[in-house]
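Next up: just one chain, as C-alpha cells, the form predicted on its own.
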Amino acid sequence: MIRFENVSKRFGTHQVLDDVSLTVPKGRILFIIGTSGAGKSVLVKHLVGLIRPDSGRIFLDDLEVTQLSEKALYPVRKRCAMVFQHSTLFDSMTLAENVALPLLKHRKLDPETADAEALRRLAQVHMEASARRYPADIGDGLRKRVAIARALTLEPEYVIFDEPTTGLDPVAAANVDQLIRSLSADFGVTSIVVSHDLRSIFKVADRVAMLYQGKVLLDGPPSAFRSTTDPVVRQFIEGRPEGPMRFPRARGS
C-alpha cells in the first residue's frame, strides 16, 4: 500500500501541492489526473525521493520514505519502478540489451543469464520477436512496451507510469492500457498512472484522483467522475475550454 499523508510542496512562491492525502491499495491502479502544472508528476516523484516534501509523510507499506537517506532509498527504488513519458532506451543497444542492462548492473547477472531473462521479460510484453532490433526500428508504442519490460526486470511491487500513452496513436495507446491492466490482474503490481488520457482513465483505472490548485478535488472510482456535478471536474472530463477552471503555471506538471 502507498500512502501520501498531508503532503505539501512549494517551488518559490508557487504552492504546487497543498495538504494532499491519497492511498493506493495493493494490486490496484490509481490514475492521477489534472491540468498541466497541477502537480501530478511532482507528487509521484516524492515516493522515490526524487523530490522531498516541505511537509507531510509518504509511506510504502509500513515504511516511511519521507526522510530516508539516498542510501536507504535504494531498496525503495528497487520496489518502485518508474516508466517515464519518453521511453529513454539507448539507441546503440538492441531491445534485449536495453532490458538486460538493469540485470547486469543491479542484479549482477552474467551476460548469458541476463539475456535469457531479458527475453522472458520481452515476452511478457509481447516483444520477444523484436528482441534483436534497435529502438529506431520500432514505433513509439512498441518502445513504451520495451521500457515497461525493462522496468519489470527488478520485479517491482509498484510501477509509476508518467503519461504512458501521450503521443501514441489509439491502437498503440490501447495496447499500453491493456499491459498496465494485465500487470495488476496477472502479477499483482500496484500502479500509479499520471495521465491526461480520458479514454485510458475510464478503461483502466480502479480509482481516480484529480488534483486542482494543489489539492485533491475528487478521489473515487471512475463512476464518481462520470456522475459528479462538480463544475471543474465536469469541464475537465468533457474537455471544454469554457468553465470555472483556472489554469496553473506550467511548472510542476
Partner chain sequence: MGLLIAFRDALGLFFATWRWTFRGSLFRQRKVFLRQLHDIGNRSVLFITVTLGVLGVISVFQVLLQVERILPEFSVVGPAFIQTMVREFAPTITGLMIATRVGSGIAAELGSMVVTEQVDALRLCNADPVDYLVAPRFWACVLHTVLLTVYGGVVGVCCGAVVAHEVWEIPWTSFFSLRLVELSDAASGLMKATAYGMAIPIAAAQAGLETTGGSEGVGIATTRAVVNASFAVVVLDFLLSGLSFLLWFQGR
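Whichever C-alpha set is largest while still superposing within 1.5 Å between the two forms counts as the rigid core. Everything quoted here is computed from the prediction, not taken from an experiment. Residue numbers count along the first chain shown, from 1.
There is another form of the same protein, the form predicted together with the partner chain; it is not shown, and what comes next is about it.
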| item | value |
| --- | --- |
| Residue stretch of 136-144, 123-131, 175-183, 81-89 approaching the partner chain in the predicted bound form, non-hydrogen atom distance within 4.5 Å | 81-89 |
| The single option of V216, V48, V204, I192 touching the partner chain in the predicted bound form, heavy atom within 4.5 Å | V48 |
| Interface membership of E97, the partner chain in the predicted bound form, 4.5 Å heavy atom rule | yes |
| Distance check, D54 to the partner chain in the predicted bound form, heavy atom within 4.5 Å | no |
| Exercise: E70 in contact with the partner chain in the predicted bound form, heavy atom 4.5 Å | yes |
| Distance check, A116 to the partner chain in the predicted bound form, heavy atom within 4.5 Å | no |
| Rigid core superposed: T165 CA moves 2 Å or more between the shown form and the other one | no |
| Threshold 2 Å Cα movement between the shown form and the other one for V76, core superposed | no |
| Cα-Cα shift for F187 and A131, closer or farther in the predicted bound form, minimum 3 Å | farther |
| Distance direction in the predicted bound form for the C-alpha atoms of Q67 and K105, relative to the displayed form (3 angstroms or more) | closer |
